[in-house]
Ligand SMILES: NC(=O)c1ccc[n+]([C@@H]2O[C@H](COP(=O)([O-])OP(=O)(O)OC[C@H]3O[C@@H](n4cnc5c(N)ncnc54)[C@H](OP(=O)(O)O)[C@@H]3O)[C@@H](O)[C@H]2O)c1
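Quick heads-up: it's one chain on its own, the form predicted alone, in structure tokens.
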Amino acid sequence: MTAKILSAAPVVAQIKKGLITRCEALKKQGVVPSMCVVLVGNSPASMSYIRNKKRMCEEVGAHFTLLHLPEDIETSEFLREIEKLNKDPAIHGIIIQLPVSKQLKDLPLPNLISPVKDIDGFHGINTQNLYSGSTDLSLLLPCTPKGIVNLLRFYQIDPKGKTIVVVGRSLIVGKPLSMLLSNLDATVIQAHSQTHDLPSLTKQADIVISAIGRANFFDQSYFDPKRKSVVIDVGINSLNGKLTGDMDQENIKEVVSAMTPVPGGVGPMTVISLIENLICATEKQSKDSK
């Protein structure tokens, strides 16, 4: 039997409906949720990501601002611009779009943003929630892990008691996702580029989540056909001019039970989770200001 496709579209539609309602409630209180994306330089890839964020932001009724800074901005000026946004009560969420130019790379970028406005969920105070065992998705958690858990819940795939192999250990996906899934009572094995005999681990897994950025890396040899694993593909790669994930989906579709598509899977879940973080941040700031 061919694997079920875990499309983000119905999940995003459901979450968006709730966010529109919450945004309207804030507007009735005189508060318009507002996001500012800080872009340094003119990366075409960054502009594409920003357009997706702007579109989704406006679709729920929130306000979007782009602060476009020159590639050669001095560090002191960059820090002043971020501090202005931190102090601006009309801005509820701030993102520093990566990559930044070389003179800014050594700055502690996640911690420059006020933790209450950190809608990427990377500030140390926000990631600490994961280390303290929280499973509260209304907190400002990293967007891709939050999106993956929301997608699993929508399709009634409960992590509790499952063996989950997460391939990748980045601070954006692999590490926070492993911690969140562990908080949800999964048994998590975190694998990475130095892992020996990766197929022996993935063949044991009820769920395999890959975020390694290697096109079509996983084929049938990584899966036990009897186990019928669920596959979450975080990879976004270009292969022969087409977007493709880490999973060779055509090759594995007969040996896994379900899988996320690329595109149309984890990517849209990450964007809607960012907007969800914006609404959560606005609600908290509005409440705290009263």
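From 1 onward, residues are counted along the sequence shown. This one's a predicted model, so the numbers in the text were calculated from it and none came from an experiment.
What comes next is about the form predicted together with this ligand, which is not displayed.
Asks: Run the contact test on 153, 179 and 186 with a 4.5 Å heavy atom cut-off to this ligand in the model of the complex and return yes or no.
Replies: So, no: the whole triplet misses this ligand.
Asks: Under a 4.5 angstroms heavy atom criterion, identify the one residue in 86, 204, 170, 138 near this ligand in the model of the complex.
Replies: Filtering the options by heavy-atom distance leaves 170.
Asks: By the heavy atom within 4.5 Å rule, which residue out of 69, 32, 50, 236 makes contact with this ligand in the model of the complex?
Replies: Going through each option in turn, the one that passes is 236.
Asks: If you check in the model of the complex, is residue 199 within 4.5 Å of this ligand, heavy atoms only?
Replies: No, residue 199 is distant from the partner.
Asks: May I ask you to state whether residue 115 is within 4.5 Å of this ligand in the model of the complex, using heavy atom distances?
Replies: Heavy-atom contact with this ligand at 4.5 Å: absent for residue 115.
Asks: Quick one: does residue 128 come within 4.5 Å of this ligand in the model of the complex, counting heavy atoms only?
Replies: No, residue 128 sits far enough from this ligand in the model of the complex that none of its heavy atoms falls within 4.5 Å.
Asks: Residue 272 versus this ligand, in the model of the complex: is there a non-hydrogen atom within 4.5 Å?
Replies: No, no contact at 4.5 Å.
Asks: What stretch, of 161-169, 94-102, 130-138, 70-78, brings heavy atoms to within 4.5 Å of this ligand in the model of the complex?
Replies: Stretch 161-169 is the one.
Asks: Who in 134-154 is close to this ligand in the model of the complex, meaning a heavy atom within 4.5 Å?
Replies: Result: 144 alone.
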